[in-house]
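What follows is one chain in C-alpha cells, specifically the form predicted on its own.
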C-alpha cells in the first residue's frame, strides 16, 4: 500500500482525492493546502494529517508519493523538494512554464531514482482512447488531418485568479490546448512547424487561440482553444481525424456514441457509461502511475513526453506574438 501526500485541494485536488478513494493500492495519508478549511475537509475524508506548510509536511510526513495539484508556476520548486527526499511525484499538467524548468524536474527525478509523471488525462478519456484503437485497426487508413477544439469560459474560479497572469499560467495555449497537443504528438507524431493566432491576454478574462501544426510525417493538425465563452457556458471538446480511407469524429456536447465515416459507410462504437470507478479518467491515470511505482516500471506518461507538448505550446505563443511560423 503506497502512502500518498496530496498537495492542493482546489478543483483538481478534490478530483484526485475522489480517485484515491477507489484505488486499492494507495492511501492518502497527508494533505497540504494553505487554505485550512479546504485542506481539512479533504484530510478528514481519509483520516489523513493536514498540513498548512509544505516544507513541514515534507519534514514530518511518512509517505511514498507526492501528488501536486497546484498552480503551474509552483510545479518545479515543489517537485524538486519532494524528489530530493526520494519521493515519487505525480504532477498536474502542464509540467512547467518553461522548457528549462521541465528539464530540471526530469533530470532530478532521474538523479534521485524516483518515478515522475504528468497528468495529461485526455489519453485516458474513453472517447479519445476508442478513437485511437479504431485508427490503429486501420479503419480510416493513414491519418492526414486532425482537428481538435477545447472551448469554454475563462476559469474565473481559480485561486487568486492566477490564470489571468500569463507569466504564471501561460494562458490557453499552455494551460488548455496542451491537452490536445499531448494527444496529437503521442498518437500521430512529432511536430515540425507551428503557426498560431491568439489574443495573448489582451482582454482580461477572454481569450481564444488557433494553432496549425505540421507534423514530421506530413500530417496537419488544427487545434482550437477558447477562454472566450460566456460564464456558465457548457464546456466542450471535439476531435476529428481524417484518414486516407475515412474519418472519425467526436463531440463531448452530444450524447450519442462516437460516429465514424469511412468509404464504406458510417459505423459506431460505444463504451460503457456510466464508467466504473477504476475507468474514470482521472482515477485511471492515478492508478496507472501508482502501479508503475509498485511494479518499478516507467510511467505511461513521462516527463519527456510532457516537455514535448510544452515545447509546442511555447512555440505557439512565440508564433502568435511574432506572426511568423516557428520551426522546431
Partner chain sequence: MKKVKMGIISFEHMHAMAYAQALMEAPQVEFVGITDDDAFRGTEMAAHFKTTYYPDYKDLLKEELDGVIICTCNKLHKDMTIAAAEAGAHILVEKPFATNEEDAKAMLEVVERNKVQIMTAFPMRFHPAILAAKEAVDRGELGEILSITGINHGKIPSGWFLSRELAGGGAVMDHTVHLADLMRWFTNSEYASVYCESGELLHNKGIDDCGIVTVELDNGVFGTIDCSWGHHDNYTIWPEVYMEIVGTQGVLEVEAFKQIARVFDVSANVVEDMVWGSNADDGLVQEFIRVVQTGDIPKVTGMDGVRAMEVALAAYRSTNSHKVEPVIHI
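Everything numeric in this text was worked out from a predicted model, so none of it was measured. Positions refer to the first chain, counted from 1.
FYI, the form predicted in complex with its partner chain isn't displayed, but the following is about it.
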Self-check item: 4.5 angstroms heavy atom contact with its partner chain in the model of the complex for residue 235
Solution: no
Quiz prompt | Non-hydrogen atom contact residue 245 with its partner chain in the model of the complex at 4.5 angstroms | solution = yes
Practice problem: Flag residue 147 as yes or no: does it have a non-hydrogen atom within 4.5 angstroms of any non-hydrogen atom of its partner chain in the model of the complex? | Solution: yes
Quiz item: Should residue 112 be classed as touching its partner chain in the model of the complex when contacts are defined as heavy atoms within 4.5 Å?
Solution: no
Practice problem: With its partner chain left out here, work out from 201-209, 161-169, 119-127, 176-184 which stretch has heavy atoms within 4.5 Å of it in the model of the complex. | Solution: 201-209
Quiz item: Of these, 249, 190, 107, 84, which has a heavy atom no more than 4.5 Å from its partner chain in the model of the complex?
Solution: 249
Quiz item: Judged by heavy atoms and a 4.5 Å cut-off, are 229, 254 and 323 together in contact with its partner chain in the model of the complex?
Solution: yes
